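Given next, in structure tokens, is a single chain: the form predicted on its own.
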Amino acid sequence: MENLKAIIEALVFVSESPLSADKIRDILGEVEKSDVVRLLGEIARDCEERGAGINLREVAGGFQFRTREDAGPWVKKLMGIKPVPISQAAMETLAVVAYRQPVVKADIDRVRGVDTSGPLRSLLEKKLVRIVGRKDVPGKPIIYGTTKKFLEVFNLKDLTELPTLRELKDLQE
């Protein structure tokens, strides 16, 4: 297939969400996944080497073009984007969900020491947290976990990229 690299670049560019190497391989048909991964790496290096305004990043289980951080303020100005505020309570609740998932509300409340109904509702509306099921205990409480959007917003490939508690402690010192 001619211009395979350009085709892969176009697919990632037009995709609204991170595109996995498997999905790209499925779209292309007779192409090995290893070739797709190799070409994605080349595209990422090309962007980096020429100092492009965008970079190809692996986030949320796939690949996505992302604006370079130093270009962010101008892009936000063009798009009229105002950051959506997340309250301190919602951020603390999100941290509990991210680190302890799958987790029920009672456990989140216990860790935070307060009722988290409001922050949890806000995180569900922002699609940073989702309902992953119900716990098989009396009352069948809802179980919460983070979403792919959470990974995208925080620029994480997967949950293993969350900082460890030791790293967080070192940052505070």
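All figures in this text were calculated on a predicted structure; none of them were measured in a lab. Numbers follow the displayed sequence, beginning with 1.
Another form, the form predicted together with another copy of the chain, is not on view; read the next lines as being about it.
Taking I27, V37, A106, A44 one by one, only a single residue has any non-hydrogen atom within 4.5 Å of another copy of the chain in the predicted complex, and it is I27.
At the 4.5 Å threshold, heavy atoms of R68 reach another copy of the chain in the predicted complex.
Although the partner is absent here, L11 lies within 4.5 Å of another copy of the chain in the predicted complex, judged by heavy atoms.
When another copy of the chain is considered in the predicted complex, A21 lies well away from it, no heavy atom lying within 4.5 Å. Interface membership of G51, defined by any non-hydrogen atom within 4.5 Å of another copy of the chain in the predicted complex, is confirmed.
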